[in-house]
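What follows is a single chain, given as structure tokens, in the form predicted on its own.
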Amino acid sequence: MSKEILKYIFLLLLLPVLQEMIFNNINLFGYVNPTIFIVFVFIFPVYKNKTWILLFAFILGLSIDFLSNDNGINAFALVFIAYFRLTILKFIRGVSFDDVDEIDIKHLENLVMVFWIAIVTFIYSFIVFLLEQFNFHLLGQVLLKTILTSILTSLLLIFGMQLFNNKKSNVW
């Protein structure tokens, strides 16, 4: 097994524990609970072959669902954003990555990375909260929770990724 795959397996074990022990205990305004484990979708290299990311996203989502008793909602939402993350990135950048075998988040411009994280986080949060409520009469509450959670989660992810990113030139 390669060193790279072992790193992601370690993250699959670490992220659910961090989410359950630390971030699930943060509850601002009764609506905001950051979901930092979705950072996995952003840091996993973008390959043409989606098998690994879909498998890992499913395992991570099931782990979160098991720990928080969410009946598969997180697994569905994580697999959804893992599948469409390259499409969203292509939309934001406006270029095709068809000739590129691998894209690393370290090589993205900061503004592109911020938009990518914000959009994917919003989509993930919307899916989770909509499936949690499963009631269109509460759409306003779903949107409020989605917006507040997406903002906090995106800020934490961007800050954390900038903190641990070892790029030499970091222009904001």
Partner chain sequence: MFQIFRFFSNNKSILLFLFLEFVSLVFIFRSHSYHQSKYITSTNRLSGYLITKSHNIKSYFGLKEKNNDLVLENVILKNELERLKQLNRPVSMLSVDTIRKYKFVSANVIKNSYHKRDNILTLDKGTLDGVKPNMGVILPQGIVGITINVSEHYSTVVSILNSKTSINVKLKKNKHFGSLQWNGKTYKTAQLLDIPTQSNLKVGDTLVSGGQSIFFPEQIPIGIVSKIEVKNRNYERIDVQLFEDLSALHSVYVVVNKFKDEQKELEDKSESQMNHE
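Since the structure is predicted, the reported quantities are computational estimates derived from the model, not experimental observations. Numbering follows the first chain given and starts at 1.
From this point on, the text means the form predicted in complex with the partner chain, which you will not see here.
- Using a 4.5 angstroms threshold between heavy atoms, residue 91 stays clear of the partner chain in the predicted complex.
- Using a 4.5 angstroms threshold between heavy atoms, residue 24 counts as touching the partner chain in the predicted complex.
- Contact annotation: residue 36 falls outside 4.5 Å of the partner chain in the predicted complex, judged by heavy atom distances.
- In the predicted complex, no heavy atom of residue 147 sits within 4.5 Å of the partner chain.
- Checking 112, 43, 55, 143 for any heavy atom within 4.5 Å of the partner chain in the predicted complex turns up a single hit: 55.
- In the predicted complex, the partner chain lies within 4.5 angstroms of at least one heavy atom of each of the following residues of 64 to 91: 65, 66, 67, 68, 69, 70, 71, 72, 73, 75, 76, 79, 80, 83, 84, in sequence order.
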